[in-house]
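Structure 1 and structure 2 below are the same protein chain in two forms, each given by itself as structure tokens.
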Structure 1
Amino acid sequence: MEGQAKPTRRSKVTGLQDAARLARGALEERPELCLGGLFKQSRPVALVRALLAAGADGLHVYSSPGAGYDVDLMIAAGAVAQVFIPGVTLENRLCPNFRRAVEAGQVTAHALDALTVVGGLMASAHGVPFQPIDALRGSDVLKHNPLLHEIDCPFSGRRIHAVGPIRPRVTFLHAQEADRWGNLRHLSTMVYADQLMARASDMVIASVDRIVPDEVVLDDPSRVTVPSYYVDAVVEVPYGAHPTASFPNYAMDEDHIDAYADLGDAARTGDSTGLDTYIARHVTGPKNQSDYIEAVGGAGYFAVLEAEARNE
């Protein structure tokens, strides 16, 4: 209509530290943080490190059904109060700081299953008060799962279990590409639960290995995996998932994760010197991602991970 200003579109690109401050402010209102990716694939590790460096604590952490290094690092930094994740593991070994903190009663690890987490996210994404979870009959998970409730089915009258909405205050995702408007592109064959988390959350902040020109997205819009209207901020962070993988760009850094786990095992038995040094070198010390890349080993080190992802 005449006289009305045309709608303007705002770029969602921001810096890593600004994103961390945005997330921390939101999490001070409500401490539920959800992490995308799965185990050692496409985890938003750079965002996690920045949030830790910003001083976040008392977090209630959710994830896709499988998490590992990033959650363990958050616990090592003293930022986590409760964990709502079915599996926290490095796959080839236990997460040492998670184990230590749970055994000491410093962190509460709730007994959950994958169906409960996915069902709770579905309830939030669909805007409904609960999601029926009927596949757990006969399981001892029902005795310990704090998120499940027994209800009467309105159709059959049979008693069934249901989970209420899981609505994270903030979700961190990592994808390989995005445009400036926040349209994410996962270039690997797996998107994990990232799309569901984005729909279920109050705020979504994504890291990407690179920001691409608008034309890249417009030329093939079907490859957008999380559209911009779900994304509040996007950060270009080269190697932002390290030491987890971001296929097809770079492989997971198993040597780095194993070395970290060795330090965690030592801390669990009483020698925390190495772990403290690791956190200072990789979390609180770097002022930006370039500093982190140098702390890990420099451009040549990451070139090896890139070549491994290409099977060279």
Structure 2
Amino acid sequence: MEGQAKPTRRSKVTGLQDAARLARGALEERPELCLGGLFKQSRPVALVRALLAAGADGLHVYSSPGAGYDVDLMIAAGAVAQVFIPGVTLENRLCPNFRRAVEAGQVTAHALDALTVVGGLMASAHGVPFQPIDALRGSDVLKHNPLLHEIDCPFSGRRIHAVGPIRPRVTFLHAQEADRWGNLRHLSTMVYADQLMARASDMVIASVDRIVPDEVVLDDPSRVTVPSYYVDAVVEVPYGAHPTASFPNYAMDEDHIDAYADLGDAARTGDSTGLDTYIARHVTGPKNQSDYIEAVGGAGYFAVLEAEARNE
């Protein structure tokens, strides 16, 4: 209590709604949102739901080169203007709301390829004005891809491609663990583009299955996939990737995604009541993640997904 207190290190741990407000404010400046994981693995879905509940709209959505449920849900909620993702699919079936909105001209889905997205993130992460690409030939995607440019290669003399930096205003990631400073630990075998996105983005917000003591990070620094320096906020969200997987902790919920897709297909062909109910029940309704867990099926339901992740 003697005058100026010694400053202490700030924790980056925050709550889901505060994180969503932080993201929403940033995205109002520039609507480029990027999502970590890939398809049904380690997608930051709780953060996406919180952002939708906070009322985001007009988003330009990026991702590692493949996405499905989360982007489709954002489109269903009316939050998306443009999609910059090469592959949008539930893998075993098409994304109903993505398809509907693009066919209706409500959402622009750009034709892109993985190298353009990854190369653009690389240019941003590396701090250079562009990334050369020399492995694209013959696809109609090259005629439409808005991010890809032809340049004269100063080394080979040939015409090659190049992409400028992709710098998301906000990136949402989901990892299995973090310490309170925001050092992320992906325990899944595949980490996809999460590390690259973190380094390419203006702001990074991560959900994790659990916050671990500082010692867990310090005892094995090689396991840290995204150093705290790149992370602006971290939120502990049990089952925060649901209905996608957070291996090795819980598997993707194929049944949930399938039921959602059925509602989406019904909406696409004229009956949106099921989809509206789904969004009210899972996105706008729950006040917190505990509510969401109850809405999905409760602790017993998630225990099954945990067992599936262990191959039981």
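FYI, numbering is relative to structure 1, first residue = 1. Nothing here was measured: the structure is a model prediction, and the numbers come from that model. What we label the rigid core is the largest C-alpha set whose atoms superpose within 1.5 Å from one form to the other.
For the form predicted alone, the corresponding chain is the one labelled structure 1. After superposing the rigid core, the C-alpha of Gly157 moves by 2 Å or more between structure 1 and structure 2.
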